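In the block that follows, a single chain appears as structure tokens, in the form predicted alone.
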Amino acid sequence: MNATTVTPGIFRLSTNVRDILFEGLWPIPNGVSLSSYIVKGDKVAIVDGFCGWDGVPETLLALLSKLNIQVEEIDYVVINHMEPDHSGWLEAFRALRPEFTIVTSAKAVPLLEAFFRLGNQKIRVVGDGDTLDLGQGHVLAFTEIPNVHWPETIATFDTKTGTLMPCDAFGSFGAIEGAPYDDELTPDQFKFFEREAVRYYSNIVAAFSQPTAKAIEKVEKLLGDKVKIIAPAHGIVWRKNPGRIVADYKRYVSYQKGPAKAEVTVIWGSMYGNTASAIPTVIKTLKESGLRWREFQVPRDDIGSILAACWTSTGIVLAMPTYEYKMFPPMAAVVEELAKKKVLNRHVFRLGSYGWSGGAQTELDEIVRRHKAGWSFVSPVEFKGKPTEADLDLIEKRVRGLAARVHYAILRADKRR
């Protein structure tokens, strides 16, 4: 647990979490940071729940003592977002400090009651344009950013310091061992958090890219000389160049409909090694194409990493055998998730082995059609048993065709910019 000063009057409470599945689903091999923010005027507010607190009273009291704040001074708890990683310590805090007011959106109120059975708890509902004056110039202004990534989400802006606290928006995975601020990072640390931000976005926010685009528009209107700091609930605080993470998120949004980067993600699974024997030909051809490529094997590699790679890739190779007239089940699960997360308009090539019958392509087409993914397919290559030299030659030709499509898509996009 840690407490640091973001800027005079605003403090960050933070901790790192490791060795869990985020949302009970997504592996986080590099952990994730959880942060809350205290704004101190004449009155004191905690924003984004209690992400930096483990629920043990002594821990919170020690953090507050470090900041010269008494728990009895906390008048407001601002719930930007109701997901339990941001609000789950509310009951423990109520036991510690019974008299305070929850500040949140109208859509969050029924969720608060459902999660916490609040009874006669004081609640102040806020929306676009509403403010809360804490004194000493600290006026909190609220902006609704629904469906980033729950419908009740708001962002909180301290007008005195120009600090935007947007909860899950502009966040990233990645535990923070040292500097939590962008003005203290090395170039290698920047690269690390940029990779973790893509992973976070693609796993958590991707399906809500269009609402996120609207939230970005709202933030961009405030950027200029108003927003000086962006302080998300996960990831580093941007106080030197907040426009950098906004630009990154704009780019992540644009990847949904494509084209993304000049990259190809290769995803393959194999039952007895026959489909696997074609993968060296795929990789060799991609190397010759000049495109960046990444390779994943299902079910060995986690779906979160695969999703992050596909989010930034314009091309995808799917290699799997037919299994009982359909796709190899781990591959079917991956494709279903890619479609649900709205990885749209990719250029895709499928290959794979079959035994007594094919059928994998039929299921693949059905998933893409049902989710309106808009994938453009290079003609598939299916082979009975082990691929022949003729099959491998055809696979090489198809991969070259895929690479050409990716290059052309990137070229067209560059000309439009």
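Just so you know, these numbers come straight off a predicted model, no measurement behind them. Start at 1 with the first residue shown and count on from there.
Although not depicted, the form predicted in complex with a small molecule is the subject of the following passage.
S.K.: Which single stretch, out of 162-170, 72-80, 319-327, 229-237, brings residue heavy atoms within 4.5 Å of the small molecule in the predicted bound form?
M.R.: Only one stretch qualifies here: 319-327.
S.K.: My question is simply whether Thr275 lines the interface with the small molecule in the predicted bound form - judged by any non-hydrogen atom within 4.5 Å.
M.R.: Because a heavy atom of Thr275 falls inside 4.5 Å of the small molecule in the predicted bound form, the answer is yes.
S.K.: Quick one: does Gly358 come within 4.5 Å of the small molecule in the predicted bound form, counting heavy atoms only?
M.R.: Because a heavy atom of Gly358 falls inside 4.5 Å of the small molecule in the predicted bound form, the answer is yes.
S.K.: Taking the shortest heavy atom distance, is Ser270 within 4.5 Å of the small molecule in the predicted bound form?
M.R.: Yes - in the predicted bound form, heavy atoms of Ser270 and the small molecule come within 4.5 Å of each other.
S.K.: Report whether the minimum heavy atom distance between Phe377 and the small molecule in the predicted bound form is within 4.5 Å.
M.R.: No.
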